[in-house]
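So this first bit is one chain, no partners, the form predicted on its own, shown in structure tokens.
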């Protein structure tokens, strides 16, 4: 190969890439927290015996699970102003789309955790006269949370990866900043190699944490 690699030019744009990392991590934290709240509500509502609550929410969950997050992001940004007359900023559209998308999958993790609890434990808690809230807080949730930690961390890793899509609506995340640097330096190989390394340095510790927690609490 005759190509001469030169990462020196990329280094001059380190502050710009640093800003992109801040946006990426910020989006990950915010959408993960909101997604966990949405997921918990979805899982609890889908456990409801009232079909007019559980069935529509189940259908909505399937729609979001079976469509790509990129399509949802573009739809939120470009279609909502036309369909509902709601105009969102690029950041608002990114937060909305990624939070709901993540929330659906967090909800499935939580729902699977609830279903993994032996029915006898539910019956035993009711036999002791516990209210639904007390039973959930003292008997069910402590076991569910231990089983959910590994999958939750894995989903958060996927959530961070999905933030790379927000560059299509001009949110200045790491990928968007990389595009700007590549346009300015005409060195796309060096720029995107640097971005890949940065993502690896962020994600690798999280994936190892997920495996550690799964082994510890298996």
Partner chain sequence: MSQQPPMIQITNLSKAYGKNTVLHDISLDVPQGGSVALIGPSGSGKSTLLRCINLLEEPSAGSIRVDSQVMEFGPRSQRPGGARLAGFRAETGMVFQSFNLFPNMTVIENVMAGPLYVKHVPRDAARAQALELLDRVGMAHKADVSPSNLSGGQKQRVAIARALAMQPKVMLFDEATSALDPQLVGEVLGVMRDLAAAGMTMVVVTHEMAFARDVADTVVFMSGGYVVEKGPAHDVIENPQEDRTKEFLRHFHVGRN
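In this text the structure is predicted, and so the values were computed from the model without any measurement. Numbering follows the first chain given and starts at 1.
If you look for the form predicted together with its partner chain, you will not find it shown, but the lines that follow are about it.
Contact check for residue 85: no non-hydrogen atom falls within 4.5 Å of its partner chain in the predicted complex.
Under a 4.5 angstroms non-hydrogen atom cutoff, its partner chain in the predicted complex lacks residue 89 among its neighbouring residues.
When its partner chain is considered in the predicted complex, residue 127 lines it closely, a heavy atom lying within 4.5 Å.
Among residues of the shown chain, residue 80 is not one whose heavy atoms approach its partner chain to within 4.5 Å in the predicted complex. Residue 139 is the only one of 145, 74, 139, 112 with a heavy atom lying within 4.5 Å of its partner chain in the predicted complex. At a distance of at most 4.5 angstroms from its partner chain in the predicted complex, all three residues 49, 118 and 131 contribute at least one non-hydrogen atom. Residues of 64-94 placing a heavy atom within 4.5 Å of its partner chain in the predicted complex: none.
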